[in-house]
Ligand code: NAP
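Shown next as structure tokens: one chain only, the form predicted on its own.
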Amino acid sequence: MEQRIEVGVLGATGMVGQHFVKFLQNHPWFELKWVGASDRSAGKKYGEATSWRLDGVMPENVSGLTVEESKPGNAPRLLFSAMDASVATEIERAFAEAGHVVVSNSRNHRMEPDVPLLVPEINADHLRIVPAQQRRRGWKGQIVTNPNCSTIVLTLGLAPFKQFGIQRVLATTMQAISGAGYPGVASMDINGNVIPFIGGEEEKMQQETQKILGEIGGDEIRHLDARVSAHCNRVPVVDGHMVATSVELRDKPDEAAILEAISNFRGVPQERNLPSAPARPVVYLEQKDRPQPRRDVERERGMTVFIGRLRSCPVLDFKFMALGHNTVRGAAGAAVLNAELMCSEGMLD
């Protein structure tokens, strides 16, 4: 790309916003030139308005940017949204109406029928519903979303199985505390403990998985005709969501066929060599005690999902473990990869 595209981040001072700022640093296609946040931060320098919570120091090229109100005006056309769900709906729609391309990590528009819910290796073709979104809503811009952090781990783990006909899925998560944001879960609650409830998480995993693994037909997405059940738990791990998964398959493949499918699994981001795409989006680890968050979650810039312990299941057909980085592949990195896919499709021209 001869000239980098200017981009902005909505909700830039929060934890997810900070992950966008960090992930976009030195990006070959995108240059962060605009940050938006709440009224109480507007007018301040980003370095003054933000309490940096990530490893390392705040990027110097961003610390001097003036925080703008989260309203259409002088923002770049391409915006990444890390807005809190309590305010994201109206703010994202206002920017889309004004002609902006909003690539959102917020949950608010994910399940709307004319909004793509993208995992580019799985359903890049779902971008075809964007013109219908613009026609129906009278928008010059558009909204595209990425899934919930645990859903991305599950769907990438299941993606190689789709060719065998997924019929039923049972998933139990062990989710890192970074998924709760900052300050997150109180230390007296999470240390040496497991919390078997994360509000709304199970419903999101069940519904989003069916939409992502579904097929596009005309101006609509036909959800995967499979039953998905999720149990979600918070565990004392800093980064990395683990999903224990059992799956029933129509075609009853053997273990060798599944391992071959995992090994060969690639998607459009790999074919086009998109900047944030890992060479292999799903990697199988043969060690009997892997994957593990501490050992594996930071590999491949946090953009790969690792699978291990594939074995037969006496209730369904097969079971396995899947691990992914919840704040990278499950949030900021996912949205940036979505934007790279859109750029490669000519949607940002």
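Residue positions are given as counts along the sequence shown, with the first one as 1. Since we're looking at a predicted model, the values are computed, not measured.
Beyond the structure shown, there is the form predicted in complex with the named molecule, which is absent from this document and is the topic of what follows.
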- Query: Just one of C149, M242, V169, L118 has a heavy atom within 4.5 Å of the named molecule in the model of the complex. Which one?
  - Reply: C149
- Interface check vs the named molecule in the model of the complex: of V238, A186, A85, V194, the one with a heavy atom inside 4.5 Å is A85
- Distance check, Q133 to the named molecule in the model of the complex, heavy atom within 4.5 Å: no
- Query: Hey, in the model of the complex, does G333 get a heavy atom within 4.5 angstroms of the named molecule?
  - Reply: no
- V283 near the named molecule in the model of the complex, any heavy atom under 4.5 Å? no
- Query: Applying a 4.5 Å heavy atom distance criterion, does L24 contact the named molecule in the model of the complex?
  - Reply: no
- Message: Looking at heavy atoms inside 4.5 Å, which stretch does the named molecule contact in the model of the complex, given the options 86-94, 271-279, 218-226, 157-165?
- Response: 86-94
- Item | Contacts with the named molecule in the model of the complex - residues in 2-32 whose heavy atoms fall within 4.5 Å | G11, A12, T13, G14, M15, V16, G17
